[in-house]
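Given next are two forms of a protein chain, the same chain in both, each as structure tokens and marked structure 1 or structure 2.
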Structure 1
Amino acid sequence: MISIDKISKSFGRFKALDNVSFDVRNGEVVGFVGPNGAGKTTTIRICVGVLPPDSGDVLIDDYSVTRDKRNASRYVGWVPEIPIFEPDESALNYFVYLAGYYGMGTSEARSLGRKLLEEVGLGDSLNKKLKNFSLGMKKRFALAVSMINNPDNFIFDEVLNGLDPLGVAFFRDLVKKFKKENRAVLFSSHILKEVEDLADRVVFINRGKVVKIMTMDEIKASAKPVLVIKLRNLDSRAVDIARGYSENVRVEKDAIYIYNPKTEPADIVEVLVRSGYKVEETKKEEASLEEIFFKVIGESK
């Protein structure tokens, strides 16, 4: 279990975190979302003992990261947003070196390294130097390293960035496996669809403060349907027309997203066509975490 208790952190005059508290229970997957600079990475770095808080504490299976960092670190696996390793070492040799910090002998570490690197899809790169790894390969290597001591808690910071589709699928299956094994998983991601598919709860953070915590059931219950209209000649007047049918309208590329429209889609399309717009496509979707994200973050500004 990961318990974050009233942590605050400032860098000079900038307050990166302000009294942040939440937990991740055993057998639970918690998504951690917010805009760039909201405080996600700072929170995670404090959780794994890389960065000290100005106040507050984090407990990893009841071990304090501020008072007993050595034991706390043994019970958590971590993948940073940008993994940094010794570039001139081979994957297997560096894995063995890192395993030594957990008191593991060379023979045992090499055996475990081959097993875990194979599991994350790096079985053909055991002797390849880490400087020749792509970002996705470094993320896979970091995943293997995070499992060295078989911890009950995992923290992933934007682990999906740089992963190819096979890597994303592997991570998704890995998280589901951890959940079944009653481990606690905290992961931050800008890919809200993946958060929606994996998380039991979502913690929203903005400007260094936790602004809302919701279960996925609560998110699904509060989400409203969205009408997507793709226009060949989209302009601000078309957006103004759409705003007459919803309090929540968003534009992305050549499409208007109308959340919880007040009338039938055909009526809105008819008005746009009569106003001279060429409608190329319309579709009705169930709204998702993305809608809730924009609403929660918008309300917290």
Structure 2
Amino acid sequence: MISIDKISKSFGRFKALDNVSFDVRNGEVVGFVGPNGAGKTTTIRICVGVLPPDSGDVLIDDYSVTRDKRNASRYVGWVPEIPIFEPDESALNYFVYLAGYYGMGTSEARSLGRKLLEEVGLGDSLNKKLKNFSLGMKKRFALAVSMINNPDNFIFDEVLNGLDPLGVAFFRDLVKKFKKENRAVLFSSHILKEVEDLADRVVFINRGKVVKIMTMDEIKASAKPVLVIKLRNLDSRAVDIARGYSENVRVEKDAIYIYNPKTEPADIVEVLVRSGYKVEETKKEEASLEEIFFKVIGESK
């Protein structure tokens, strides 16, 4: 369980986070979505205790990250957006070094390191220097390290970025597995689609503020269909006709977008044809998640 409680953070005069609060419960995957520079990474760095907040606190399984960091860090695993390690170290040695901070002896850490690095697909690179790792390999290494203490909470920052399809599938499966194991997973992304089939809930963040928290079901329910009708002789009368069938009508180029129409598309087309319009094309689209994303973010402006 990760509880983020009213954290704020400024860099100089720039307020990067403003009173951010939300929870990630056990057995829940929370998508953390927002555009570039929204404050996702900043929030996450505070959650894992590497950046002190100006105010507020984060509890990891009831351990305060600001007051009891030693315990809090024990119970949360973190895969950074861009993992950076000491470059001259080899993977297994560095793993053993980091495991030392969990009170693990060298031989125990070595065997755990072999097992976990194997598990994340780095079995062939145990003695490779970390500076020679690709971005995907670094993420896998960070994942192995985050699992040293087998914590109940995981935070993945844009973890799918820069991964090949195999890597993407690997992390997706892993998140699903963690969820099954009743762990809490916070998963940040700037693409809502990326978390669609993973997240139970989505926290939207923009300009350092949480703008909306929705369950995946709510998001899907709000994804309403659009009827797009392309007319040769589009004019304002045609738009007025369309408005009779929806509260939300938009015109773009020579097409009318009718959101969530009240009747069947065929009925609307029929009325337009009878009114003397030449219908060139009609199609019905499901509203994309990105539109919801833009809508939510747009509302916050």
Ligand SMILES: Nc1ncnc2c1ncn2[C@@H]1O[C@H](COP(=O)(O)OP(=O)(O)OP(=O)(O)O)[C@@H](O)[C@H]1O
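Numbers given to residues start at 1 and step along the sequence of structure 1. Throughout, rigid core stands for the largest set of C-alpha atoms superposing within 1.5 Å between the two forms. Note that this is a predicted model, so its numbers are computed, not measured.
J.: Look at both copies of the chain and name the one that is the form predicted alone.
T.: It is structure 1; that copy is the form predicted alone.
J.: For E81, state whether the C-alpha moves by 2 Å or more between structure 1 and structure 2 after rigid core superposition.
T.: No: E81 shifts by under 2 Å between structure 1 and structure 2.
J.: Core-aligned, is the CA shift for R237 between structure 1 and structure 2 2 angstroms or more?
T.: It does, since the R237 C-alpha is displaced 2 Å or more between structure 1 and structure 2 after the core fit.
J.: When the two forms are laid on each other by their rigid core, does K69 show a Cα shift of 2 Å or more between structure 1 and structure 2?
T.: Where the cores coincide, K69 shows only a C-alpha shift between structure 1 and structure 2 that is less than 2 Å.
J.: Upon rigid core superposition, what is the positional shift of the Cα of Y277 between structure 1 and structure 2, expressed in Å to one decimal?
T.: Y277 is displaced by 16.9 Å at its C-alpha.
J.: V226: how big is its Cα shift between structure 1 and structure 2, in Å, with the core superposed?
T.: The shift comes out to 5.2 Å.
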